[in-house]
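Quick setup: one chain, the form predicted alone, written in structure tokens, and binding and motion questions come after.
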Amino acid sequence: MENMFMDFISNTGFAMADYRHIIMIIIGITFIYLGIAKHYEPLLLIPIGFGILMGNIPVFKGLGLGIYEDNSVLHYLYFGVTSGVYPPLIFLGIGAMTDFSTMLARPLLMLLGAAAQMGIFLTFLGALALGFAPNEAAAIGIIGGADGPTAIFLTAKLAPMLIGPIAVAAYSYMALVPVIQPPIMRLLTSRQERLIRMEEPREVSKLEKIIFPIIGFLLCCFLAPAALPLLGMLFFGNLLKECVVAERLAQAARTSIIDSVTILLGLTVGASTQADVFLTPQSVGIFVLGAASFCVATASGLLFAKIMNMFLKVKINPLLGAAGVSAVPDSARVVQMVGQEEDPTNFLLMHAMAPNISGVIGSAIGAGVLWSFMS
């Protein structure tokens, strides 16, 4: 009986765990706490956090339990990540939820979304300088777009072994937008600039809203054909929304489809952070570069807005530049929050959605460009 009891103890997770599993479990609990208590992207952080817990229960190799074992259930679910299936489905839902009219009303603000993508390419160069392989550097750079699905999609194509750290870094910084961006925004703008009021946008016709996803898709995908899987689904979802006659499909895309995929993506990405795979010096470097990329992207949008004001008769509020990162709609909300700290009657949210949405398109194009070059 004593031998049987000792065998039982040796086969439990308590006996097989080491300090790395404990570290990752603490990280997973922290993600869940931030999602529930702080409301930081709960739809993302709670599935990822619980996935981290699932991925760091010590198990015997060969039993078909771990996410990296070919015959495990988690491995089959993870196929949607490694094959790049989940991100386009999320883009479909985003398209079906998004109103492009703010961007169409003032196309000039799209330039802010393009400027914010500078973080992607500067971080790519920084990762190369630190010794990462070109494919790995490209995947790390895309974190600066603050777009989790795009980061996962590109990493799955260029550096599948880095999906865990890059996905967790991308979603972490997306969730921490209200913490990271405001200090940069206050540092790079004056109070007088933050008080600038925006003109009311013109009314966009229904015909424009229907035509735009078609024209936008053709222009963007002719420019960057490798972005087809992401932008094709984004614009298709938006067409379903705006044409009205396919409202049932649009409703499915923005509810059941995106919700189901978000659960599976978050859970499996979290589970992919097994301690023996995730806790490496390389992962630490990815998190540092990701943070730098996100900060550079935010600063690029702000500074470009200030440069635009040098040539515009009617000035724009430079805070809008921070919304150029594609963390939709969180970065637009942060612009609203920082603006109202100076003037509670200044409403910037609608205007900030224009660079925010164009940032989504810009990061997908950036991913397509990097993928085409690396291939």
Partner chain sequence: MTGMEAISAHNGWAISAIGVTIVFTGLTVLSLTISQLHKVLAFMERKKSDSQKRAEGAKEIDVSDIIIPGDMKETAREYKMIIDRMDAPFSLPRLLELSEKCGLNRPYSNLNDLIGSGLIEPDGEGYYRWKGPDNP
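Residue numbers count along the first chain shown, from 1. Because the structure is a prediction, the values reported are computed rather than measured.
If you look for the form predicted in complex with its partner chain, you will not find it shown, but the lines that follow are about it.
- By the 4.5 Å heavy atom rule, the three marked residues H39, G113 and S358 all count as contacting its partner chain in the predicted complex.
- Among heavy atoms of R197, none comes within 4.5 Å of its partner chain in the predicted complex.
- For the chain shown alone, F287 is not a contact residue for its partner chain in the predicted complex, no non-hydrogen atom being within 4.5 angstroms.
- Although the partner is absent here, P160 is not a contact residue: none of its heavy atoms lies within 4.5 angstroms of its partner chain in the predicted complex.
- Under a 4.5 angstroms non-hydrogen atom cutoff, its partner chain in the predicted complex lacks T298 among its neighbouring residues.
- This chain lacks the partner; the member of L279, C220, L176, I184 within 4.5 angstroms of its partner chain in the predicted complex by a non-hydrogen atom is C220.
- Figure note: of the listed segments 168 to 176, 185 to 193, 279 to 287, 130 to 138, the one touching its partner chain in the predicted complex, with heavy atoms no more than 4.5 Å away, is 130 to 138.
- Contacts between 267 to 300 and its partner chain, taken as any heavy atom within 4.5 Å in the predicted complex, involve no residue at all.
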